[in-house]
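Just the one chain here, the form predicted alone, laid out as structure tokens.
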């Protein structure tokens, strides 16, 4: 940066940082060799020599914080979190992955399995099948609890490949049949004179009779291959699902992935025209730049799609281009993406993550008070 005499510096408005300090505070500069200004300036007295208070104020946070939904469907969601620190965005990501509960198959009772897939591998594959049910309708089951209609879901799988068919049979996840009345397998007991034999669950009523499942049967994500059976092979089992969280096992994670990135900012430091403009457009693999016709045969490069920038740095890799193009990241603007496994819609997942973070903050305040 060129040196400027003190008397030539422009007068600054009160309580505002100079431009170069403002850029250091709010932007990550992505240079050709490495990014700079990656740290956050959080110390309240960082700019005390300039008479500026850098303390975090709740009213400023409320005014600056925004959530903008960019894309939303049944499976994934993309939205912008504006005005927050990276630690808060990362807290949401970690909660989404490991602390939001779902229902997943935990226990598999194999009555018959003659396929080439070992029982342990078969049970593992069943556990990873997403179950389409709201986990908020169920209770957690501890070691001392008995499986019942409020803490368990039971599925049955019975598929056989007939010998005379001569062809292999593919077993899919949608072959799992929901048993709303609980397990059908009888527990081995010494007293066989009981009128009603005991099973592996203790359902007092059918789950179909519950109002939340009366017109909304429990299903799983269809189309997932469980195994393939040769002629004469058979699989017969029961699968019991319980409520859990992703930090116990990944099968309880409600998201396929949850990730974020800082908003890219692409700035042209000078006018790039004619041949250089075309060269810049050809450099970018994701078509961030475009050419605008300025009239009289002059063509100028413009930044058309800055959000698509992946910071591959191809546009500034050659010598001299860093003086023409600046690549930055906005430190308090995050592009957040949530891909749901299907148990809950992505917008509900984020809402539940906010509630969990709120509960954590309240518990900390309670401990400190």
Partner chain sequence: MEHGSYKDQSASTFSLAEDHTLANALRFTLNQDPRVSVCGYSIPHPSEARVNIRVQTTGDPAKEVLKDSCQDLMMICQHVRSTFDQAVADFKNNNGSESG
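Keep in mind the model is a prediction, meaning the values are calculated, not measured. Numbering follows the first chain given and starts at 1.
The protein also exists as the form predicted in complex with the partner chain; that form is not presented, and the subsequent description refers to it.
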Of 86 to 94, 265 to 273, 201 to 209, 249 to 257, which is the one stretch near the partner chain in the predicted complex, taking non-hydrogen atoms within 4.5 angstroms as near?
-> 86 to 94
Partner contact for residue 77 in the predicted complex: the partner chain, 4.5 angstroms, heavy atom = yes
Partner contact for residue 34 in the predicted complex: the partner chain, 4.5 angstroms, heavy atom | no
Can residue 121 be called a contact residue for the partner chain in the predicted complex at 4.5 Å between heavy atoms?
-> no
With heavy atoms only and a cut-off of 4.5 Å, decide whether residue 72 touches the partner chain in the predicted complex.
-> yes
Which one, 302, 44, 38, 310, lies within 4.5 Å of the partner chain in the predicted complex by heavy atoms?
-> 44
Just give me the residues of 316 to 341, first to last, that have a heavy atom within 4.5 Å of the partner chain in the predicted complex.
-> none
